[in-house]
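Shown here is one chain on its own, the form predicted alone, set out as structure tokens.
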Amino acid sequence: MIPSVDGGEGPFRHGDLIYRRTRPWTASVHALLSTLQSHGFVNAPFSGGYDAAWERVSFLPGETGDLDENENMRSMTALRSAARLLRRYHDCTALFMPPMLEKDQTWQLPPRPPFEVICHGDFAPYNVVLNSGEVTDIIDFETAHPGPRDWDIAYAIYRWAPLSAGVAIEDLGGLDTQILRTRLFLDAYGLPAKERPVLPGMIIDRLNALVGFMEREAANGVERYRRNIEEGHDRIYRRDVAYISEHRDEIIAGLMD
């Protein structure tokens, strides 16, 4: 038996497992987690299986939380180690992309060509685990989907820099600091300079796609996204699209230094 928590929707922890309601994309996520393990990538949850009602993944100990909640997550050590872990994750998924694409997979977010890796889809501070000051693990693969590396990197730097107009944390609020953190992330990932100019535009495309996704899901009656729009999440993303568009040239120049 599992506990009933807030209506039993999850995610919540029970023992050494995290429970979440089974969704149409659950099989694809668990196939990804199992394949990561078989290729030696142990920095993600183990699949604990799933049935018609519940999916189960292993609990990974350590600190979690967003930049405004966790001071340790704002450190340069966390930033660089997150980038290095994302690179290892991408490199691992690139090894099994062809077989993965041959399967009849359902993903929550639409696959985006060219298919280079399995994007995590939401590689943000709140979806990693911190131990002894370093990012050691990735969690919550619900938004995973095939796509190009740069597509995943673009959203990652949006969250980790963070490239946002409304940052409430004083030492992360200036554009110069955000550009510096972006460059350090990309350096640690090892992204070549020639690929960096496309990233501001990719962030804009990613945020616009996210707003469209939220609006469609809300219109289809999904309570989570209806609530997100009611709380103004879509307005935050549109504001950040305007912010990145306004400073695009400055950001690009800063990434090439």
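Residues carry their position along the shown sequence, with the first being 1. What you are looking at is a predicted structure, and each value in this text was computed from that prediction instead of being measured.
Heads up, the form predicted in complex with a small molecule isn't pictured, but that's what we're talking about next.
Chemist: Pick the stretch from 98-106, 126-134, 70-78, 179-187 whose residues have a heavy atom within 4.5 Å of the small molecule in the predicted complex.
Modeler: Single hit among the candidates: 126-134.
Chemist: Check residue 18 for me: does it contact the small molecule in the predicted complex (non-hydrogen atoms, 4.5 angstroms)?
Modeler: Because a heavy atom of residue 18 falls inside 4.5 Å of the small molecule in the predicted complex, the answer is yes.
Chemist: Examine residue 207 and determine whether its closest non-hydrogen atom to the small molecule in the predicted complex is within 4.5 angstroms.
Modeler: No.
Chemist: Within a 4.5 Å heavy atom cut-off, is residue 41 in contact with the small molecule in the predicted complex?
Modeler: Outside the cut-off, so no.
Chemist: According to a 4.5 angstroms non-hydrogen atom cut-off, is residue 200 in contact with the small molecule in the predicted complex?
Modeler: Residue 200 lies outside the contact set for the small molecule.
Chemist: Given the small molecule in the predicted complex, answer whether the residues 83, 150 and 192 all have a heavy atom inside 4.5 Å of it.
Modeler: Looking in the predicted complex, the three residues 83, 150 and 192 all stay beyond 4.5 Å of the small molecule (heavy atoms).
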